[in-house]
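A single chain comes next, written as structure tokens; it is the form predicted on its own.
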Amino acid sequence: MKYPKLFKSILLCFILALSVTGCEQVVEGPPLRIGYMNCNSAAETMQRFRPLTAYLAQKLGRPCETVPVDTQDFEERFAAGEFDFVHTNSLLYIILKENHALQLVATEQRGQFGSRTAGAIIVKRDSPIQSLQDLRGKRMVFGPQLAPTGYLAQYDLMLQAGFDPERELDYYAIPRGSFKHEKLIYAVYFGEYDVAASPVLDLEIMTREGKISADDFRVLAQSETIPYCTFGAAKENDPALTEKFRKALVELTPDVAVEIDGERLKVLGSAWVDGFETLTDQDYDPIRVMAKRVNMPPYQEF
């Protein structure tokens, strides 16, 4: 059959259009709910992760919902079946894995350690405190109790050094409100506390952003590196769907963008993420060891 030249041109354009847009599936069907752990606030969580959720919806061919979740409420809401996928810190991953068979999907990469991070115990540069033993009778500030590198790692470091925070510190506190990890660092910087349990990543980011100088602090002790924030899947999910979700994450590159409210946004940049990596559940064993030593969930004994 012969086609007019104009028709051939239209047909060629149509084929090219299909080749360009074919990677984005039609989004239809029941929505998938993705629970994202609040770091600072629900509003910030929505702003950070809506582009990632939109990207995942395109890749999965299913509507996806961004649901901010308070850390303390996460286990109860996950157990109630509210979420198909979750984005949590690595300690919460272990809690949900042990108690509710959460399936590991992928681990977030951010900062100098990539998919891993560490916790540090810091003092001001000019502090007379030189070792963990010098903390006796001092005032310390910790991050949230379920923060693996803002509480767990530092508490474990002290116990391993033979120092009991409950008996030997004069006083310790956990700040309230948003930006808790930054508050830890500023609390030492402005002299409100003698020592702080700081995530190494927050020190790195605040230094890069010019909020502090690396010369402002000394690190008394630093934990081994452990997995960072983690995506997990409910055990009821279709394994093929979970694998498709994982593949969509690890294939993300910095140039991938989606449209949100008429604006084209970079997915990784919006989420403050460098990328995603596939780890094994065994990579999380150091956190399990820490949680057992510190008597924390999911291994606490009363």
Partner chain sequence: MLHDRFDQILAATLVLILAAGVFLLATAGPNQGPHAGAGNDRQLEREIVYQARLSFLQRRYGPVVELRDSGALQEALLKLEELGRDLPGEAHTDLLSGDILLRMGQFDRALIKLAGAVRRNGDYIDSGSPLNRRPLIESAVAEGMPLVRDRLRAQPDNRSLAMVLKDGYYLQSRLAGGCE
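All of these numbers come straight from a predicted model, not from anything done at the bench. Residue numbers count along the first chain shown, from 1.
Beyond the structure shown, there is the form predicted in complex with its partner chain, which is absent from this document and is the topic of what follows.
> If you check in the predicted bound form, is G114 within 4.5 Å of its partner chain, heavy atoms only?
The answer is yes: G114 has a heavy atom within 4.5 Å of its partner chain.
> Whether L92 contacts its partner chain in the predicted bound form should be assessed with a 4.5 Å heavy atom distance threshold; does it?
Close contact is absent here: in the predicted bound form, L92 is far from its partner chain, nothing within 4.5 Å, heavy atoms only.
> Though only this chain appears here, would V188 touch its partner chain in the predicted bound form if you measure heavy atom gaps against 4.5 Å?
Result no; V188 lies far from its partner chain in the predicted bound form.
> I'd like to check something about F217: if you look in the predicted bound form, is any of its heavy atoms closer than or equal to 4.5 Å to a heavy atom of its partner chain?
Yes, contact at 4.5 Å.
> So, R125, E209 and E251: all three within 4.5 Å of its partner chain in the predicted bound form by heavy atoms, or not?
Every residue of the candidate spot has a heavy atom within 4.5 Å of its partner chain in the predicted bound form.
> Just one of 221-229, 72-80, 169-177, 126-134 has residues with a heavy atom within 4.5 Å of its partner chain in the predicted bound form, so point it out.
Every other range fails; the passing one is 221-229.
> Note which of E192, E182, E98, E204 lies within 4.5 Å of its partner chain in the predicted bound form, where distance is taken over heavy atoms; exactly one does.
Looking at the other structure, the residue within range turns out to be E204.
> Given that its partner chain is left out here, which of M140, L157, A106, V200 has a heavy atom within 4.5 Å of it in the predicted bound form?
Here the answer is residue option V200.
> Given a 4.5 Å distance limit between heavy atoms, list every residue of 265-299 close to its partner chain in the predicted bound form, or none if there are none.
If the 4.5 Å heavy-atom criterion is applied to its partner chain in the predicted bound form, 265-299 yields F276, E277, T278, L279, T280.
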